[in-house]
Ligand SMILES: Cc1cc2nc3c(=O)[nH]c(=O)nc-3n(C[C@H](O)[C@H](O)[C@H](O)COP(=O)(O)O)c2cc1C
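First comes one chain, alone, set out as structure tokens in the form predicted on its own.
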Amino acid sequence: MNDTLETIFNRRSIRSFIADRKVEQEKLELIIRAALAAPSAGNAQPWKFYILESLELRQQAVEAAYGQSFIAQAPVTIVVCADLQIAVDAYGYRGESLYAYQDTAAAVQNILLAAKSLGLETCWIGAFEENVVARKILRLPKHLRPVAMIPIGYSNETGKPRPKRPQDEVIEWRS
């Protein structure tokens, strides 16, 4: 099996991090480069990334995410936002209602896989009070919508594989 497939199959959502082990700047830069390499409709790239490093901001993120304390434990959290103005300018309503979210999801997946390939762990968080993140923590303009928070760090646990639905339940071959 090649490295890419191994990374995909071994990635897990981790919720326990070594709090005092920082993520190296070079690794963060590679992770962001991977996010920027994600495909997007018409190459519009309707995204913005906020990197939360201060404990104060990460603790505010915990509160916004219904008490998911591991966010503050991870030394860094990336907040991925959809830039709805870019999406509207490129594709109108469909850009705003669909493409912006598809595109940011592709960027999030690249972040998760890049981090794993660099020996780091992550968790994709979508459960948070959007207005608290947008208006209180990041003070975002109205055209930016936070869609994911991704704590990143070195694992303090071993992730276990989660059961996946059988292929015959999710695949239909058509000829």
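Quick note: we count residues from 1 along the sequence shown, nothing fancier. Fair warning: this is a prediction, and the values are worked out from it, not measured in the lab.
The following text describes the form predicted together with this ligand, which does not appear among the structures shown.
*Asks:* Does Q60 make contact with this ligand in the predicted bound form, using a 4.5 Å heavy atom cut-off?
*Replies:* It does not: once this ligand is placed as it appears in the predicted bound form, Q60 has no heavy atom within 4.5 Å of it.
*Asks:* With a 4.5 Å heavy atom cut-off, would you call R162 a contact of this ligand in the predicted bound form?
*Replies:* Close contact exists here: in the predicted bound form, R162 approaches this ligand to within 4.5 Å, heavy atoms only.
*Asks:* Quick one: is L138 in contact with this ligand in the predicted bound form, heavy atoms, 4.5 Å cut-off?
*Replies:* Outside the cut-off, so no.
*Asks:* Wondering, does A44 line up within 4.5 Å of this ligand in the predicted bound form on heavy atoms?
*Replies:* Close contact is absent here: in the predicted bound form, A44 is far from this ligand, nothing within 4.5 Å, heavy atoms only.
*Asks:* Picking from 118-126, 48-56, 138-146, 25-33, which part of the chain touches this ligand in the predicted bound form when contact means heavy atoms within 4.5 Å?
*Replies:* That would be stretch 118-126.
*Asks:* Residue by residue through 1-27, tell me which have a non-hydrogen atom within 4.5 angstroms of this ligand in the predicted bound form.
*Replies:* R11, R12, S13, R15 sit within 4.5 Å of the partner.
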